Structures are given as C-alpha cells and as structure tokens.
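Next comes just one chain, in structure tokens: the form predicted alone.
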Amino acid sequence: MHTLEDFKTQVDLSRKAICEDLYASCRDQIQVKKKPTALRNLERIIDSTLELANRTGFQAMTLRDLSRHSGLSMGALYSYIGSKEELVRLIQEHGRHLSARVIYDCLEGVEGPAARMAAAIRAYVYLTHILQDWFYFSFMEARHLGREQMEAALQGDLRTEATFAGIISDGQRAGLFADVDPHLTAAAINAMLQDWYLKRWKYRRLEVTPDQYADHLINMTAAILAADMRASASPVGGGAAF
C-alpha cells in the first residue's frame, strides 16, 4: 500500500459500508428492522450530523435542526437515537472501533519495524483523509463529552500513540532505530497526523496531496529515528523513505 488509491482498493470506507457496520453493532437499539430503510436513514442522519456540527457546532445543533436537514421526522429520528448525547456517543465509539480495525488490517502481515512504521503512517493519513469530516467532528466535540465518554476518547488517542510507540520500541530492540523516547516521538507523529485533518484548508492552499503528506511524514520520522537502512525512492514523492 503505497498510495491513496492503493488504500481505497483495500479498504471500503464509503458511508454505506460504515453504516452497514454501524447497523450491525447497534441493531438492538435501532427500532427500524427493515435493513435497507435503516441503512438509508442512518446515512442521512450521519451525513446531516457531521455537516451541521462542523458548520455551526454540535452543541448549537438541535434534533429539530437534524430533522429538517436530514428530511426525517422527529419520530423517525427517535427510532435510531434517543438523544443528542446518544448520537455523539455512537459516532465517537464507532469512529474509534473503525480506526482500530483499519489500522490492524493494514499492519497485518507487514514485517519489520521500518515497514510497519511507514504502513501505519500511510494508513492513518489515508483513513483521516477519506473520513475527514468524521475525525474533525470527533476531535472538536470531545471536550463536550461526559466524563466516561471523555475518558474513552482519551484512551482512543493514547492507543493511536501506543501503536507508534510500540513500533519504535521494536525498532530500537532490533538496533534499527535511534535511542529516542518512544512515547514523545509517537506523540509528535500523532500531532502531525491530527494537523492533516484539522487544518485541511492549509494543505489545500499548499496543494499538498495525501500521498505527499504521507511521504513527507514518513521521511521526517525516518530522519528522527535514524533508520539504519538504505534510502529508497519513494513511490510518490521521490525522496528517501522507510
């Protein structure tokens, strides 16, 4: 997996696929039992929530606003969600579950710390590029969550960093990576990944593509870790890479 297009052929992140997964995990609480109808309306609810929340803020959005925007009656909305709090919990929890599954799948079978680091960075950049509205919403609304959900969000963020810290530690034990602090380095990588989906406007102005951003972050991480291997031509950017 060396490009965004490669990633898209391996991972289905269409809203339909996501809502199918969401429906399967929440079937007991969704009152609509006809799957095609449920999936169609879930897509409308998710799309409208993300658009309204990222435009005016989730706290300012009411369920009546969501009803008007999605074209669903209030009664229909309550067939899927009982409250705004339940809606944000559903989006946050499913986002964490989806991220963990996608990264796990992208790293499966990848051998060696350097290759795993490059694969993890690409997967996170491409995942957040495709689902930018979802990740932006989750980041911005985390501060409004209740204590339990806030803790879950924090743990999700720490798991992302733990993925990178674990790869760094593996590389150090193998004598391939420099003696840097794995957790601080992982935190810096995570901050760069968040910058990609939180400040998309900046990279649009710079005309930076997802492939270029992933290449740059991989090369920068390789320099920090002083990877003990021959530099090879990047498939997209042409620079040194893992």
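The numbering used is simple: start at 1 and walk along the sequence shown. In this text, all values refer to a predicted model and were calculated from it rather than measured experimentally.
One more form of this protein exists, namely the form predicted together with the DNA; it is left out here, but the text below deals with it.
A.B. asks: Of these, 210-218, 26-34, 48-56, 187-195, which stretch puts a heavy atom within 4.5 angstroms of the DNA in the predicted complex?
C.D. replies: Stretch 26-34 is the one.
A.B. asks: Among Leu72, Leu107, Ile130, Ala165, which has any heavy atom within 4.5 Å of the DNA in the predicted complex?
C.D. replies: Answer to the contact question: Leu72.
A.B. asks: Which residue, Ala76, Ile103, Leu158, Leu90, is the contact with the DNA in the predicted complex, using a 4.5 Å heavy atom cutoff?
C.D. replies: If I apply the 4.5 Å criterion carefully, the residue I get is Ala76.
A.B. asks: Would Lys199 count as touching the DNA in the predicted complex under a 4.5 Å heavy atom rule?
C.D. replies: Looking in the predicted complex, residue contacts with the DNA do not include Lys199, since no heavy atom lies within 4.5 Å.
A.B. asks: Determine whether any heavy atom of Met61 comes within 4.5 Å of a heavy atom of the DNA in the predicted complex, and answer yes or no.
C.D. replies: Yes, contact at 4.5 Å.
A.B. asks: Can you check whether Lys84 is within 4.5 Å of the DNA in the predicted complex, heavy atom basis?
C.D. replies: Heavy-atom contact with the DNA at 4.5 Å: present for Lys84.
A.B. asks: Taking the DNA as it sits in the predicted complex, is Trp134 near enough to touch it, meaning that at least one heavy atom pair lies within 4.5 angstroms?
C.D. replies: Looking in the predicted complex, residue contacts with the DNA do not include Trp134, since no heavy atom lies within 4.5 Å.
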